[in-house]
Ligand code: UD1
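Read the single chain below, which is given as structure tokens and is the form predicted alone.
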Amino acid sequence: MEKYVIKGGSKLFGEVTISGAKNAVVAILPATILADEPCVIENIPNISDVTITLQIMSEMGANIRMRNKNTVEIDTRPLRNMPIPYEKAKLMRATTYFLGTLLGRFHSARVSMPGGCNLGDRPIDQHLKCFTALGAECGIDGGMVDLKADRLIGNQIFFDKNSVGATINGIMAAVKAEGLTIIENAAKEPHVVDLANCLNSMGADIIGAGTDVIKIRGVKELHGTTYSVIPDQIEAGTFMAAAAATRGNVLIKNVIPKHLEPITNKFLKIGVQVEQYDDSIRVIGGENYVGTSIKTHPHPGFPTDMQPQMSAVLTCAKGASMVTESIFDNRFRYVDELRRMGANISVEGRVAVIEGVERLKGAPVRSTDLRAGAALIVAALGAEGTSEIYDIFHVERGYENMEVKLRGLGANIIKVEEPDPVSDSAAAKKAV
């Protein structure tokens, strides 16, 4: 198994370039299944979720050619409608997007219930609601989601709960449906807009992405496109947190500052200096931060995917901070690991109260999910002493060359392979 070994205490300085958005690319790649010609997708991040997605598409018959490490050419014309088994679906949540795109192209789909990070109950009822509204028969049998439709017909869809995944699936299923589809209470996240822009560049007719109401007028065919994925706002926010935690000075390049405003505003409030430019931001840490209150909300609110990293910074802010998680039930699983580093955090339901300490201490900790791993990296960079972070495969699902980029800023971080001490301990007890 691999782990990060981080010696904290070094201020981060220099420049870092942000990769393409994970949450956008895992929708855009399956969306190419709807195209009747080859597509070229640029600015894709080199992360495991992308590797898994392309592997699934290749096994289904798509011709995949990497033009370079961040550009892929995809010809889905030979792709066959095959079931996506649990062995693949358990690795990432975004396999649900194959439901919408396969239904849109073949009028049927069979995909295993998805995996990804264990953040609590993430039902797909809103996904099935939009598929049913478009004319599909939906069933779940043996852990597999089955969709079938003689034809897809546009309809009015109102989501009872704001859902990024259901919004994306609704868009992909509707782009080739007959007539007009109207999605109300739609998610407004930047990656929803990016998907719609990509599909429009293929010839789709989508308006309203980024608002509460999205209108999709079905078209008979989609042509190929060359499209560049937006920068990753969460990766940018994570580097903002790392710069703040180490009291550094970092220029973060290839960003869309507008997408970062909910994150930027919180950093400014606790005492971090942020300078915004056209496509970059500079983050300058201070010696003293003050606690604040944070509540996660769908975009344009504070993103749940930045809550753990922000909490890691707040562990050393003066006074008390209150962090309320309104999206996921299990988002605070990282708290026990931060406590091992000396953080003073108490959790009651979906609310965490953080009493700032002077400084965290390095310790062996375990990444419980993607953003928890990012939070532990942020904490370790600002801590005194050495930390070892295990289960970093979670981090590599969503961050491209994290340790390489951090070393470029002066961080003392290496990735090493070592036996899992927990597994070794269990094996020893079993042997006895």
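Just so it is clear, the structure is predicted and the values come from calculations on it, not from any experiment. Throughout, we count residues from 1 along the sequence that is shown.
Another form exists, predicted in complex with the ligand; not displayed. Remarks below refer to it.
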For the chain shown here without its partner, which stretch in 164-172, 67-75, 141-149, 178-186 has non-hydrogen atoms within 4.5 angstroms of the ligand in the predicted bound form? 164-172
Verify the flagged residues 13, 289 and 314 against the ligand in the predicted bound form: is each one within 4.5 Å by a non-hydrogen atom? no
Using a 4.5 Å heavy atom cut-off, which residue among 327, 274, 79, 91 comes into contact with the ligand in the predicted bound form? 327
Residue 267: touches the ligand in the predicted bound form, heavy atom cutoff 4.5 angstroms: no
Determine whether any heavy atom of residue 300 comes within 4.5 Å of a heavy atom of the ligand in the predicted bound form, and answer yes or no. no
With a 4.5 Å heavy atom cut-off, would you call residue 125 a contact of the ligand in the predicted bound form? yes
Looking in the predicted bound form, any heavy atom of residue 305 within 4.5 Å of the ligand? yes
Check each residue of 368-389 against the ligand in the predicted bound form and list those with a heavy atom within 4.5 Å, in sequence order. none
